[in-house]
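Take a look at this single chain, the form predicted alone, given in structure tokens.
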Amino acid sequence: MSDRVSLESFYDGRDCLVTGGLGFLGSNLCRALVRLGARVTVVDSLIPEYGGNLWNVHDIEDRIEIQFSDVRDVPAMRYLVGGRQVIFNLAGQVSHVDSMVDPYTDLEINCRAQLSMLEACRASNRNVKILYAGTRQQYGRPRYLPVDEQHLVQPTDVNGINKMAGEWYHILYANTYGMRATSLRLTNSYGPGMLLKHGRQGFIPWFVRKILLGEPIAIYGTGEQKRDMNYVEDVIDAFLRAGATDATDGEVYNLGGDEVVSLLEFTETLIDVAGGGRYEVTPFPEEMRRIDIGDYYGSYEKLRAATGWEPRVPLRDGLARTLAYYRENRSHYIEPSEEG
């Protein structure tokens, strides 16, 4: 799929299920699917710590069906996967720190629930196309850069291990049962709809929160750690292209960004775009130092070859759009009690 017309012709009228559809990525994906003419059903448990927020879909709530359910609910998922043509499987526990504190919940959501959904599809909807949201954390500490899909997979935390297992359940079912599953290994995704309540779902939403509250940003380590990033619009485009392309069946792909920056450079850019802010470099808390992966940036050449995808939104533009959104919708992401 190389252009919007092709995506419209594929998704128009197509029955799509989005797990985690009230969260950051899921809600943006739902909005894109609605624009393309798809029939969209959302599954979300609205667990407060995981990022689901009804405001994320307030502008399209009359054009989607919302099912309040948990991916761990086996009977519900068996019912919900039936008859779908594309499933975007974005539900998961994504906090690396939380996975080390409560590994069993991470296991339930990122492994057992994934296996249950695949079994449901195998039993009643074997032809469905499934897009799984993997993570760069599966690679662990890079041995070379940029990281490609041939890189050793050696996670540094429980979340990375369980996400790796969840991904490979999908690929196993594709290879063994002829099902149609694809995994996209995401890097640092950002944009409107991120959870700002706590800092356990990545540094970007936490840094944005600090800017909005006028509080100092704490950069752990030296600040020289390098990262690549994708604005949410580009991430959604990757999912849509992969979902509409038969060549992606049974494959895993990296996303990645063309702008590789250190955490210091990122923070200075964010402050400049925001028109103010401050930061301080501070030692890692021990629980975070143990699972830090150092420098990371990935190669997306395999995905580009298969789908034509490449990131299009520059970092400054993406940050400007993100800040503008949260300034306009601040009350839906930051409680009055959290204001200084």
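Numbering starts at 1 and runs along the sequence shown. Quick caveat: nothing in here was measured; it's all calculated off a predicted structure.
Another form, the form predicted together with a further copy of the same chain, is not on view; read the next lines as being about it.
| said: Looking at Val235, Val71, Ile161, Val86 here, can you tell me which has any non-hydrogen atom within 4.5 angstroms of a further copy of the same chain in the model of the complex? | reply: Flagged contact: Ile161.
| query | Of the options Asn188, Gln225, Thr245, Ser116, which one has a non-hydrogen atom that comes within 4.5 Å of a further copy of the same chain in the model of the complex? | reply | After the contact test, the surviving option is Ser116.
| query | All three of Arg209, Glu310 and Arg316 touching a further copy of the same chain in the model of the complex at 4.5 Å, heavy atom to heavy atom? | reply | No: no residue has a heavy atom within 4.5 Å of the partner.
| query | in the model of the complex, which of the stretches 188-196, 152-160, 209-217, 237-245 has residues with heavy atoms within 4.5 Å of a further copy of the same chain? | reply | Residues of 152-160 come within 4.5 Å of the partner.
| Looking at the partner-bound form in the model of the complex, is Tyr177 within 4.5 Å of a further copy of the same chain by any heavy atom? | Yes, Tyr177 is a contact residue.
| query | Is Trp168 one of the residues lying within 4.5 Å of a further copy of the same chain in the model of the complex, judged by heavy atom distances? | reply | Answer yes; at least one heavy atom of Trp168 falls within 4.5 Å of a further copy of the same chain in the model of the complex.
| field | Exercise: Met100 in contact with a further copy of the same chain in the model of the complex, heavy atom 4.5 Å | value | It does: once a further copy of the same chain is placed as it appears in the model of the complex, Met100 has a heavy atom within 4.5 Å of it.
| said: Although the partner isn't part of this model, could you tell me whether Val260 comes within 4.5 Å of a further copy of the same chain in the model of the complex, counting any heavy atom of the residue? | reply: Answer no; every heavy atom of Val260 is more than 4.5 Å from a further copy of the same chain in the model of the complex.
| query | Which of the residues spanning 96-130 lie within 4.5 Å of a further copy of the same chain in the model of the complex, based on heavy atoms? | reply | Met100, Pro103, Tyr104, Leu107, Glu108, Cys111, Arg112, Leu115, Ser116, Glu119, Arg122 sit within 4.5 Å of the partner.
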